[in-house]
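Okay, so we've got the same protein chain twice, two forms, each given alone as structure tokens, structure 1 and structure 2.
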Structure 1
């Protein structure tokens, strides 16, 4: 049987003490209370700060529980923050691939478009940030749905004859997404279009959204109608770059 994780026990103790101290506590207070070295406490606090469970007061001397700690069920990453972090990398993906790029996240069973980069051909296109897409019929959707632990969408609406409408088949598809780490779609939402997406993992591996590209079949797929490997690599590298940005500092 695996043992328990000491640093989590200590973090839990820090959280209990902070929860009981409305005015907040300093590193020394916590160290004394728990019999831990200052550097240990400091590391725990920094991590808790990074994941958004504790906050520092203006002077930086005192820590207290963040109000987000009481609302853990809600999304922890602001969608506008996700866009700010993704923008450089999404642009780069669009200009490398020559395709439309979107960043999305799951909201109440739908994929909300958080960021949209035009196909770089200077043709007329409209921003669709804020609109929603069906998760079972898009690569962007599958890439977030595969890691979602709440209930699967029950009624799977058909958009084309290729849309996956059978929950069992969707379950298998999502298992494939998990094992490969990326998602695809082929004419499942719109005829003649295909898409590729990868999940964006925040701290602790939590999937906070996905980034993907979409375009005409002949550009997204090879002659055997398989999604092009070079595009898959680009999409995954983009998701990793955004994730690195998110983890670096929050």
Structure 2
């Protein structure tokens, strides 16, 4: 059997020590307790701080567990942060594709739209920010649902005759999403509409949301009703760009 990962063992030990020290601990304190060099401890603390698990006091001399560490079951990324990092890239995707673009994240089993870019034409459109979408019937939802098994909907409501309502079929669909890295939908939520989406990954590869475009079938799909490869490429590149911004700024 493979051995344990020493760096993770050390990080876990640091977290345990901090959990038992309400007033926090300094680098020297942790180094003495664990028999580690200060440079090693500082590297561990820097990484734990980067992922939001520890914080420094005002003096910068002591570290303690962050509030976020106690809420690991919740989304670690604020929706406003996701939106701010996605705005420019989503706007560019809408301009290049000519379609509606949305950025969303999973919240209590639904996909919450945190950013919405109108289709760049003069048609009447309603702003979707703050609304929710069914994860099993939209590409945006599948792109995040595929990486979060705890959020699988218990009941799969049918919105059209094409909506996936069988849990086994949904599981197969999500496995396909994971293997290729992007999701699609064809008249599963709204008749005559199709969509494409890709997951947005934060620190450590954790999927924190998705970006996708949607439009009429004749614009999203080719003559053989396959989702257009150029649009898939655009969506995946946009998701990667947002992910880079998230990692670079944390």
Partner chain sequence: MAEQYVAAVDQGTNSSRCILFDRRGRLVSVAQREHRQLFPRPGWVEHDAEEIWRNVARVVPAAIRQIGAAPSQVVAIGITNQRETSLLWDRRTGQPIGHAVVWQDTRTDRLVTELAGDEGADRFADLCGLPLTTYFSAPRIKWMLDHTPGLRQRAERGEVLFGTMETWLIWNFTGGPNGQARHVTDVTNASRTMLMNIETLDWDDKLLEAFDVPRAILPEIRPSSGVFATATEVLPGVRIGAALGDQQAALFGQTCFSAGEAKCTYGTGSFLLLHTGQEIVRSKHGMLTTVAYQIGDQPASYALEGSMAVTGSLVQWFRDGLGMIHTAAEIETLARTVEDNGGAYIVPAFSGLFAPHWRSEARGVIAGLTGYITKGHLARAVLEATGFQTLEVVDAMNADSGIALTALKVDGGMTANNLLMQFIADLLDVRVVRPMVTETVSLGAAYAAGLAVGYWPDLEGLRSNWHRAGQWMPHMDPARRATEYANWQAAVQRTFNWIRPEDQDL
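So that the term is clear: the rigid core is the largest set of C-alpha atoms that superpose within 1.5 Å between two forms. Numbering follows the first chain given and starts at 1. Fair warning: this is a prediction, and the values are worked out from it, not measured in the lab.
- Shown first, as structure 1, is the form predicted in complex with its partner chain.
- Core-superposed comparison between structure 1 and structure 2: the CA of residue 58 exceeds or equals a 2 Å shift.
- Superposition of the core reveals a Cα shift of 2 Å or more for residue 10 between structure 1 and structure 2.
- Annotation for residue 46: C-alpha shift of 2 angstroms or more between structure 1 and structure 2, rigid core superposed.
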